[in-house]
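We begin with a single chain expressed as structure tokens, specifically the form predicted on its own.
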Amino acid sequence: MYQESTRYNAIVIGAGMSGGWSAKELCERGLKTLLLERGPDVKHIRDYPTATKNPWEFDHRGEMPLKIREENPSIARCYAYREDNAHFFVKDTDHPYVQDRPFDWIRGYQVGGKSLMWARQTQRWSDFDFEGPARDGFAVDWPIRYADLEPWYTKVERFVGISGNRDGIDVLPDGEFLPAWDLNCVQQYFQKSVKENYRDRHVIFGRCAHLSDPQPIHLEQNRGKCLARRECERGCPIGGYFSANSSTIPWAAKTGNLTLRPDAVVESILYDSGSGKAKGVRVIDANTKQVVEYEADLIFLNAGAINSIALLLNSTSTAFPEGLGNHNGLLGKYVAFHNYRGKINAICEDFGELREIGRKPSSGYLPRFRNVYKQETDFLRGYAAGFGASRGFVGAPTTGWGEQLRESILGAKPKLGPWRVGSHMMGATLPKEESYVNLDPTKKDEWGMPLIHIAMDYDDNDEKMLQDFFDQFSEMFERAGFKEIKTRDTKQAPGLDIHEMGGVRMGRDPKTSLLNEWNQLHTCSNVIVSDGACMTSTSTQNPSLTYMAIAARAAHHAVDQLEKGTL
């Protein structure tokens, strides 16, 4: 049963990564907060049905049936979409959208959102990132710098629990870390090779949101030490990695100030022309289709970049016929993503007497090293990269069935194969006006909401960056003595990076941006957009840590202004 009240101090739309942080900060400050989520409730531990299952307990041993993959081509291309966690992913068939250009939109509609299935990589931005647009001229200037976000990075890291090393790299500021896992022998070898051959490149342990050594704040959240099971996308019953379900939402709930309303499709934000502010939201029950309106002094939009853009576009009024806050026609434009097309693999012929025992929740990471201190290439910005090394058994039979296969396996004598190494790029793409999200004028979904159109694509800058990744990493692999080096362009469409950003960008000038430095709409100050839609540019780092820091900062400021009577 939900509370009957329709009046709150604050409403948060979206119960995922950033929405959980908005709700936590608001509830801690004493605001009666309504947290709306369009999908079903997922309670920590209770609703992780596959968390402790063995491989043989799945009908298809973890693989998705061909029929389902064919019916859902976008989601089927996602690396994390498997039989053990398919219930956390949105099927293409259930929530269609229009691809004006190919785009694989990966979604998780439930309480917790994609924080249940994320890759858990967490890196801070630096001033090289925040100052990038002003220096390179490819977007508008960010209205904030690293110093504005630094204390919020610290607050988030301490609460979430981030494992990493203090690496002393200016392009990747150090944070508040729990102990890191060790790189394996081949990763350490490559780390040493890169250090010996390059002054500007570093191989580090990939900082990740896992509790290697839980502190009192984590135990107070009822979370435990990460056991490195690497079954994270099923939901972790231990709470060893951060999710909104295990951390921020329960923390907000225990204040007594949170009302969680799942299965709530927000149709629009309601604008009051008399006050010049938003007064509430209109919600459609996902199951019954009944409509209800809620009122609040503050509205926080954390539905994920594309859905947040769509909601603002659908929130029309006499004052904003083209969408709430869209005074300059920029709403839904300048969206961007990360370029993950580049892969490189090779063989390491050394360390044949060693193998890795057990699992680790992260791997190696190479921070950006291109165009940092000066423009040195024919493309703008740069890329980061992951680095992994592993070996497995070869010679095990894979043909046959039943008793025949069993006898073949027992009779075979598999041996360890060579160490295989690999890296993948994470390139910054440029926000462009022709990259957009908008609404279909006639086609609707089953809740009567306009279908979303998405158009993003690669450009010449991306192609040049991709080739540079191949060239530079081929050279690094050669200098390390790796053999059989092979590069591969996956040709994947935008979207599989799952890092869509922009469309409601922050900026200093209301003529060229939609949000101010506190994530408030320039023309409707009590609407705060603090998810990926607010991003002015993309950088190379995984964005979730920055989303959380921005959301916490924006919520704190909004409450301050509300208490002062200036909002």
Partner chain sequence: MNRREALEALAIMSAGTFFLGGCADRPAEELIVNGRFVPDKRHLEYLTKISEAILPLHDIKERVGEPAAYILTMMNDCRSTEQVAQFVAGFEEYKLLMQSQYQKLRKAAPAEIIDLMQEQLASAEISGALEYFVVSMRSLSIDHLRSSELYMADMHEYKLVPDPYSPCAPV
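Numbering follows the first chain given and starts at 1. Bear in mind that the values here come from a model prediction, so they are computed numbers and not experimental data.
Same protein, other form: the form predicted together with its partner chain, not shown, and the subject of what follows.
Residues I357, I409 and A412 are all found to lie within 4.5 Å of its partner chain in the predicted bound form, as judged by heavy atom distances. Contact with its partner chain, judged by heavy atoms within 4.5 Å in the predicted bound form, is confined among 534-542, 57-65, 495-503, 37-45 to 57-65. Within 4.5 Å of some heavy atom of its partner chain in the predicted bound form lies at least one heavy atom of R391.
In the predicted bound form, its partner chain sits within 4.5 Å of a heavy atom of D182.
Within 4.5 Å of some heavy atom of its partner chain in the predicted bound form lies at least one heavy atom of Q188. Within 4.5 Å of some heavy atom of its partner chain in the predicted bound form lies at least one heavy atom of T399. Exactly one listed residue, out of P96, G352, G448, P151, brings a non-hydrogen atom to within 4.5 Å of its partner chain in the predicted bound form: G352. Interface residue among L405, I217, A253, V291, judged by heavy atoms within 4.5 Å of its partner chain in the predicted bound form: L405. In summary, the C-alpha positions of R229 and R406 diverge in the predicted bound form, ending up at least 3 angstroms farther from each other than in this conformation.
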